[in-house]
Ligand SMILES: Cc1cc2nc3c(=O)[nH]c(=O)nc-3n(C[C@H](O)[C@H](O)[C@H](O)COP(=O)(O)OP(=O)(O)OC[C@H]3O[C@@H](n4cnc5c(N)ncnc54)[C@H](O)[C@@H]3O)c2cc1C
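A single chain comes next, written as structure tokens; it is the form predicted alone.
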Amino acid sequence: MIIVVGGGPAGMMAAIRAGYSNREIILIDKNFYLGRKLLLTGGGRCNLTNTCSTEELIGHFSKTGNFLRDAFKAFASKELLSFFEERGLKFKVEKNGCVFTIDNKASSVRDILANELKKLNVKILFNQEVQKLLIDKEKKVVLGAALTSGNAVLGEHVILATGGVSYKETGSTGDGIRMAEEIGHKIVPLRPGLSALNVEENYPKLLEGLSFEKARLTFTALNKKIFSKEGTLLFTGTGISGPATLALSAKIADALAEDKKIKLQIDFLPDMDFNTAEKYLIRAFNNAKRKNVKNILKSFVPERLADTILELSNIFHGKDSNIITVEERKKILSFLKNFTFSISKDVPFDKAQITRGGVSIKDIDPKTMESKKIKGLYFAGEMIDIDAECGGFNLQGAFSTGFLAGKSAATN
């Protein structure tokens, strides 16, 4: 018997691939339904993969990306899309090669996986939680899994695909990582990934909900630029989010862990250099005659940001633009081109989309996903120390490792 623990994308794909062997498969999940976290991905749309090449795919992962080479060789984006297309799912490719379903519903992806499991007669134990793995310590062989209910499920192969610790409300509470550690696997410290960032200043609360299609984010430490990226920016009640923020959040979290004090500089006019922006602002003031400064600023940025800039610059909102001083104009320009925040050291998991860290790749055979310490035990998905940027890469990693683990368990 093959036991799969975890009903997310990695676990479902592992059970499906193992099911092609006509062996008895049991999938255990702590939730009442499958794919609970999958339904939240991509804002409920599910960016399930990316059309880039395998080499590019690996490049979008962190330092451990090369570990996935064999998994992608077995089941990369081309194979994943074929799997779903053969079962009636239609796709569209959006910006930067991101693949979504035509209907923009993550449930369409989940439903195909669930239907395939049913077709293969995979037995699913819902609302059941695994407490620990059953191991023959002398032979270092897996024997099955003990449930919190007191029951045990016995099998010669166990695939752990329990996820990380982000989105705990979906059941991702690190159980599999804990169990792996208990039987001798090294765990790389868990850190949040693809996370919003908090700032120390309190005025983001005034900007909460404001979105900018194009802004440049520059992060500095000791007045030296360390990271910079242009993209969509969203203000939260305590800081910033959006694709550019998420893409850099892992690097920022690592820098903060090294006790670096990180500053964020936001350029709301990234298509203009400082001098061009200044000339544009002077022209706007000169042409406005007796129009007040707030109305001028509203032609550059949303009203709430205009109010905040004037408040921080100590400029009266109703002041006529033609009597703005050079010093006041430079203050406004500084906020437009270089609005500075101090990044808070707390990057909480409740704002993270994925977990970084997990079971060390040094303890896993990349050709099979089998543990190097316990025979018959396999790992898949987010609980492994692999993580990537936004763009469908993390889900592809989950599907690929799940597929390889399922294939290996079924053929060994």
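Note that residue numbering begins at 1 and tracks the sequence as displayed. Keep in mind it's a predicted model, so treat the numbers as computed, not measured.
Below, we refer to the form predicted in complex with the named molecule, which is not included among the displayed structures.
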#### Entry: Three-residue site A15, V153 and S371 fully in contact with the named molecule in the model of the complex at 4.5 Å by heavy atom
no
### Task
Note which of T170, T238, N292, S108 lies within 4.5 Å of the named molecule in the model of the complex, where distance is taken over heavy atoms; exactly one does.
T170
### Query
So in the model of the complex, does any heavy atom of G7 sit within 4.5 Å of the named molecule?
yes
### Task
May I ask you to state whether G42 is within 4.5 Å of the named molecule in the model of the complex, using heavy atom distances?
yes
### Query
At the 4.5 Å heavy atom threshold, is K37 in contact with the named molecule in the model of the complex?
yes
### Touches the named molecule in the model of the complex: D385 (any heavy atom, 4.5 Å)
no
## Note on the structure
Given 297-305, 212-220, 75-83, 123-131, the stretch touching the named molecule in the model of the complex at heavy atoms within 4.5 Å is 123-131
### Message
Do any residues of 179-196 have a non-hydrogen atom within 4.5 angstroms of the named molecule in the model of the complex? If so, which ones, in sequence order?
### Response
M179
